[in-house]
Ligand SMILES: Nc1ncnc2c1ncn2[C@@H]1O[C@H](COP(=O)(O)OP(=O)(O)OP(=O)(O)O)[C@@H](O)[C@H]1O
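Shown next as structure tokens: one chain only, the form predicted alone.
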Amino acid sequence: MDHIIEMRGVHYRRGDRELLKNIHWRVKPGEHWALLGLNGSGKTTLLNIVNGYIWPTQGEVSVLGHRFGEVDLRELRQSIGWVSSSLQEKLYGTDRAQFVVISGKYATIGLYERPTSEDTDRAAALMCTLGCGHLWDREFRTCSQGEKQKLLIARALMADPNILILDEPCNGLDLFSRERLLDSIHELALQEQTPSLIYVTHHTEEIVPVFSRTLLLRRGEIVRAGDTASVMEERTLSDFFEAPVVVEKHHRRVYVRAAGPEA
């Protein structure tokens, strides 16, 4: 398989609105991508197409080597994990943390199967990898926002996906919780057998070094896609934000601020 995601000339229209325009995007096996776009840029629409929840108005899409129109999308979705804050609201707050994680294997809200010893061992290993092993036997509702996000990532990994989409996982987190979560994601990406990660955000500073490729999406169009180091340059980001910005780099992460008169 040359590409785990391949989009060629993809457009998506809803009524008179064109939400995606001429998208060309290729993700190779083993690559971890950041998808950067402001609110309304089309990020969710793009993810919905990757997952097969909506069909492009025009263009061709292949995911995990399967061309849309030639594959059962319900089966394909089983190979894609999607972690978003909205999932938290659907889970049962009284469930124990490890049962929330194990339920990911069965794609259920709540756990209705008796966990095997293998399930329990895998949940423990994933929780340890993500730095939330101490939450074992805690009720989900008593966990912090950052802890819940780690549990949701572990839950998605229980199904052994080939692609894991992290959809703005740091939303609602304070500075320290955000850094702890990003550290866990960084460690996850360094593990063997980790799926290809797609990290969705509108904050440049959340793009940690493991995301070596970045796509900039604005009003449904790709502004730039390629190596993160070359994409995260001042001129490119000023063009992307349509306003002059100053780029500061710390520990291979990019922090952006609006350029003042003195700049």
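Quick note: we count residues from 1 along the sequence shown, nothing fancier. Small disclaimer: the values here were computed from a predicted structure and weren't measured.
The next section is about a form of this same protein that is not shown, the form predicted together with this ligand.
Enquirer: Going by heavy atoms within 4.5 Å, which of 23-31, 41-49, 204-212, 233-241 lines up against this ligand in the predicted bound form?
Expert: Looking at the other structure, the answer is 41-49.
Enquirer: V254: heavy atom within 4.5 Å of this ligand in the predicted bound form?
Expert: Taking the distances in the predicted bound form, the answer for V254 is no, it never comes within 4.5 Å of this ligand.
Enquirer: Check R17 for me: does it contact this ligand in the predicted bound form (non-hydrogen atoms, 4.5 angstroms)?
Expert: Close contact exists here: in the predicted bound form, R17 approaches this ligand to within 4.5 Å, heavy atoms only.
Enquirer: Does this ligand come within 4.5 Å of any heavy atom of E179 in the predicted bound form?
Expert: Taking the distances in the predicted bound form, the answer for E179 is no, it never comes within 4.5 Å of this ligand.
Enquirer: Are any of the heavy atoms in D119 no more than 4.5 Å from a heavy atom of this ligand in the predicted bound form?
Expert: No.
Enquirer: Using the arrangement in the predicted bound form, list in sequence order the residues of 167-184 with any heavy atom within 4.5 angstroms of this ligand.
Expert: Heavy-atom contacts to this ligand in the predicted bound form: only E168.
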